[in-house]
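Listed next as structure tokens is one chain, alone, in the form predicted alone.
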């Protein structure tokens, strides 16, 4: 067991130990940096929330993986054991940067390194990109000056064949398969060690992608009494289909999104606008579940599909339905020693529609979410409805479901169902929307569903 983490920056290996491991990668790069080179200030810090993309770097954790973009501002060094990272300095002048110059893709320049890094990530797996690939791939990078058009034109003009792939430039990935224990931080290699540590450390925070915890640390000065990282447990990277989709705790949202593209297209569509590539390559489905937000975007589908969670503790494993997992706001059917190790996601064959309402289409926190599932055979044989953003947790609507069962579908039926749904929820007003706005959404979304499925 080691008392330090090992990672590579632009091909050079580095070590960090002690309290330094809780430093964000962005701060470490800018204010400490590799011993041989000093601070690497190309990585910028703006939002420190994973929203703007100015801090984008590329990362891979094995020689079999491609380099993918992540936000360095919410990624701590303790999460990087065995990782190879490429910053804008490691990219050097290439076809992407030359195209950005030729198409005037920079004005003030503060966001430019993040755009260059994210754009280079696009060309790791192809030589040409489409307009949609560019717009999707750069969702997590914000620019206040250019209006984006010159940046998009720059990406479309790049010939990826004219520059080497970064996986060929930086072939080596640090060997770091053993466990790490530094003060109150533990990165075990087995689930048995993980649950034992959690049971012995009350209040332990599980850190995986860090897309929420990293923000807490930056904005709330959050300090956990103990921190547990699951990324080194190989068995938690399982992603397969066997009657249902089995998703391990380490599976990223990006990997899950690709896997369900043709299997669960409605949920794929939600994940497509769930967050930026940087967030989805770091965050996990299990993390979205464990966070317990009443506006978690994946939860409504999991509720109407009757997904199940595998919980592992010192006494073994048990399975809990996601519908009964939440007992209140941030309160769970989870014992002190237990960890969510897998999610079992059914592939629903019934009619299903998912909805996400937010101020922006991409990269925004929802004001309201919904999943509506119907099984029909002339009449509605069964209805399952889950809403988010209208209660302390995502909730099912049993009265509305019961009302719809057995009825012939019509606009009048769904308008009446909407009125009933409105009576089953108790939203609050906050920065994302008023209670009245959410009540109206709770009612109207059922009419919207009818118009969509009957068209």
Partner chain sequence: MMPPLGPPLDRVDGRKKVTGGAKFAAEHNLENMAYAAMVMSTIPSGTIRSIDTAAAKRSTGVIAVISHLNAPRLGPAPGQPPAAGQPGAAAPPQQQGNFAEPQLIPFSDNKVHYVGQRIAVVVADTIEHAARGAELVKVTYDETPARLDMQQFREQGVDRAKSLFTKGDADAAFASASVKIDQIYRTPHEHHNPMEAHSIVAAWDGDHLTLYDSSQNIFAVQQTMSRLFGIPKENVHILSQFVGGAFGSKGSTWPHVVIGVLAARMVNRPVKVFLTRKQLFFGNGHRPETQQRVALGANPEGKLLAMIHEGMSQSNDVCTYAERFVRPTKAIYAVDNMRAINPIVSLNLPSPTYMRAPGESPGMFAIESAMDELAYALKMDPLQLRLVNHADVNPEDGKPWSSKSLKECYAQGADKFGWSKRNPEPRSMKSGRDLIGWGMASATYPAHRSPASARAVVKSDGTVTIYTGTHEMGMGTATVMSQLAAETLGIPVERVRFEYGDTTLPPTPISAGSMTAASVGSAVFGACDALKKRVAEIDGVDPATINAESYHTILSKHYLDDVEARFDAKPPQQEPHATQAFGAHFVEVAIDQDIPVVRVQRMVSAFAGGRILNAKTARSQYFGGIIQGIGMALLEETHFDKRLGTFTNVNFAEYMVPTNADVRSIDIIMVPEEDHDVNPIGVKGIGEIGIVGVAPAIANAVFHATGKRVRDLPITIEKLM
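Positions refer to the first chain, counted from 1. In this text, all values refer to a predicted model and were calculated from it rather than measured experimentally.
Below, we refer to the form predicted in complex with the partner chain, which is not included among the displayed structures.
Across the proposed site, 15, 86 and 161 without exception lack any heavy atom within 4.5 Å of the partner chain in the predicted complex. Contact with the partner chain in the predicted complex, defined as any heavy atom within 4.5 Å, is confined among 383 to 391, 38 to 46, 62 to 70, 402 to 410 to 38 to 46. Among 284, 112, 76, 211, the residue placing a heavy atom within 4.5 Å of the partner chain in the predicted complex is 112. Site annotation in the predicted complex: the residue of 333, 178, 149, 238 reaching within 4.5 Å of the partner chain with a heavy atom is 149. In the predicted complex, the partner chain sits within 4.5 Å of a heavy atom of residue 153. Contact annotation: residue 116 falls within 4.5 Å of the partner chain in the predicted complex, judged by heavy atom distances. Using a 4.5 Å cutoff between non-hydrogen atoms, residue 10 does not count as a contact of the partner chain in the predicted complex. Remark: residue 108 counts among the residues lining the partner chain in the predicted complex, judged by a heavy atom distance of 4.5 Å or less. Counting a residue when any of its non-hydrogen atoms is within 4.5 Å of the partner chain in the predicted complex, there are no hits in 296 to 320.
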